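A single chain comes next, written as C-alpha cells; it is the form predicted alone.
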Amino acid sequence: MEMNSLAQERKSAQFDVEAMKVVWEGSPEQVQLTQRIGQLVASDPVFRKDNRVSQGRLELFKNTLWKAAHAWSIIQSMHLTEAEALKLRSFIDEPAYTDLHWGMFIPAIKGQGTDEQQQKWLPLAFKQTIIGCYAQTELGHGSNVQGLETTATFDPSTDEFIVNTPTLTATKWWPGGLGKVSTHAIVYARLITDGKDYGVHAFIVQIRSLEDHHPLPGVIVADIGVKFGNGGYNTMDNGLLRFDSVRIPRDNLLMRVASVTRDGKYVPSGVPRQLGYGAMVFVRKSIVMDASTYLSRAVTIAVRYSAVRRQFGTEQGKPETQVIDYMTQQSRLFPLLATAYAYRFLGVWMSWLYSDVTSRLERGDFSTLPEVHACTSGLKSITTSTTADGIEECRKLCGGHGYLCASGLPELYAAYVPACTYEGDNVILLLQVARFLMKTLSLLGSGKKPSGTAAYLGNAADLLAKNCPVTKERDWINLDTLQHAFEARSARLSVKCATQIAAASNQEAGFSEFSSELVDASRAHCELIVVTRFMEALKKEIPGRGVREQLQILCNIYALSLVTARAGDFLVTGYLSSEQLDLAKGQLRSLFRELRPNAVALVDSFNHSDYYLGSTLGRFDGNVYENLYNDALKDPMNASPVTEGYEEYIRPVLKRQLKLANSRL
C-alpha cells in the first residue's frame, strides 16, 4: 500500500515536474549534470555510505580518506571540469578535508595573495601536492577575530617570521582538515615587527613534512576528538595547532594588502582591505545554497514518509488517514517546503550579488560594501538557524522512525548543525546587521538615502504611519500587501531600537541593553530580504505547465507562515490587529489545501536520488516498511542470534550465578 501511495500522489500533480527541476537547478544543463554525476557516485561501491553510522571514529575517518583519494583519482582520470568535480564531492555527501582545501585554503590565497604568491602556491594546491586548511579560530577566540593571540614576529636577522602560541587560549582549535591531513595552513596571527603589533594577518605555514607527514619541529597538531552525533561531522579531522618558535620565510605573509620589507618595515600595499569582502560574499553565498540543499533533503524525507504513513481513520473499513492530510502535519511541514524553495532563489540572488561586488571592487567602487556585509551576515545567520531547526522538525514529523539513523535525519542534522557556528556565530552576525541598520537610520536626517536591501528605510515615515489594509483572507496573497507588511515590521522594529538606544546614557550602553531587541529587528530585515527575493524571482519568465502557479503558492506560504510565526512583531508594532492575524491564518490554511496535491511532486523536483538522501523513510518508491525491517536484520548487532556477552554477563544473572561485588557501604 505504501508504494502505491506515492504513485497516486505523483498522479495528482498539477505541474510539470521536469520543468520545476530546471527551476531548482538553474538550467537544463545543470539538471543533466546532477543526474550524470549523481549516478556516477551512486554506482561506485567505494562511495557506500549506509554503514557510516555504525563505524567507529578511526574506521570512519580512514574510510573518508579512501573516498577522498578515490574521488581525486576519478577527477584526474576523467578530466572532470571544476564544476563537475565540485558536484562529485558534494554527492559523496561526507564532510572531508577537501572541503577546506578547495573551499577555504585556495580562496584565501586567491583573495589575499599577490600575483607572485598565487603563481607559487596555487599550482601546488590545485594538484594537491600540498593540502591546506584555514586556521583562524582559537581556543579562546572565535567571532572576535581581532582578539586572536597567535603571534608572528619578524626577525630581520634571518628574514623570517617566528610564529608562536603564547597562551593556552591561543591554540588554534576547530579548523577542518587540520587534525590529521593538512600539510599547510593559512594561519591568522598578530604581525609584530620592530616592536609594534600591526594586528591580525594571514600567513602560509607548513605544519607537516611532505616526506613522512610528521609534524615539523615546534609544531603540535592533533585532532580535537569526537563530535556530536553518529557519523555526521566525525568524518572531518577538526584539529588543534600550537607553535613553538616556528620560523617561516618573510614572503609566506600573504601580501596583497600589506607587506614587510627586508629590514622589517611594515608597508600597506594601497590595495583596500575591503577586497577581502569578495571572498566573504562567495563563502556566504555557498552557505545559503547549502542551506536550501540540506533543508530540501530533510523535507523530501518528511513529505514522502508523511504520504506513506497512515494513522487513525474516520470511517470503519476504509484505509487509515495519510499523516500528510492532517492540518497539524501540514502546518509544520509545508512552510519548510516553501522555505527550501525560498532559500534556493535567495542563493541565486546572492550569486548575482557576488558577481556585482566583485566587479565593483575591481573598479575601486566600495559604496555597496556596508550593505552587502550586513545582508550577507544576516542571511547566513537566519538560513543556517532555520535549516538546522527545520531538519530537526522534519525528524519529529517522522515520528519514532525519524529517530532511527536509517531515516537519514539524525546524521543529516549532525552534519549540518555546525553551520550555525562556523563562518560567524549566528547571534553575533545579527548584531552586525543591527549596527548597520542603526547607522542607516541615523543618516536619514542628513538626506542620505539608503540603497539596495535597505532602500525601504528611506520610506520609514510612511511605513510607520500606514497600518495593514487587509479586510478579508484573500487580501493576504496580494504581493504588494505582503511586501508592505514585511517592510513595516522591519522599519518599526528598527526605529524603536534606535529610539531606545538614543535614550540610553551612551550608544554602546544602549546597544548592549537592547541587544535582544536589535536581534529581532535584524531578523525582520533579513526575512524581508528573503521574501522580496522570492517575489522578484516570480516576476521573471518561468516556463512549464503550472510551475509559476506552484511557486506563487509556495511564496505566499513562506511569507504568511512568517507573519503567523512572528505575530508578536506585527502586533507589538501596531501594524496588525488580532482579527487580521486570524485572516492570515485562515488564508494560510487555504494555501495548504492548494499545495497538498502537489507536495510529493514538489519534493521530487529537488531531484535528490535515493543514494543522496540516504533515507529508508524517504525512498522514491515509498517501500518503507519492508526496507526498515530488512535493514534492521542486517545491522551488525544482529549478526548472531545470541549476543556477545551472553555467557559473561546475561547467563550469570538468569542462572543466579552472578558473583557478588565486594563493596563497602
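Being a predicted model, the structure only gives us computed values, none of them experimental. The numbering used is simple: start at 1 and walk along the sequence shown.
What comes next is about the form predicted in complex with a further copy of the same chain, which is not displayed.
Although a further copy of the same chain is omitted here, in the predicted complex none of 83, 270 and 362 has a heavy atom within 4.5 Å of it. Among the residues 443, 538, 168, 122, the one placing a heavy atom within 4.5 Å of a further copy of the same chain in the predicted complex is 168. For the residues 513, 462, 244, 251, the 4.5 Å heavy atom test against a further copy of the same chain in the predicted complex is passed only by 513. Segments offered: 481 to 489, 142 to 150, 285 to 293, 337 to 345. Contacting a further copy of the same chain in the predicted complex at heavy atom distances within 4.5 Å is 142 to 150.
Contact annotation: residue 307 falls outside 4.5 Å of a further copy of the same chain in the predicted complex, judged by heavy atom distances. Remark: residue 11 does not count among the residues lining a further copy of the same chain in the predicted complex, judged by a heavy atom distance of 4.5 Å or less. In the predicted complex, at least one heavy atom of residue 395 sits within 4.5 Å of a further copy of the same chain. At a distance threshold of 4.5 angstroms between non-hydrogen atoms, residue 128 is in contact with a further copy of the same chain in the predicted complex.
Of all the residues from 583 to 608, those having a non-hydrogen atom no more than 4.5 Å from a further copy of the same chain in the predicted complex are 585, 589, 593.
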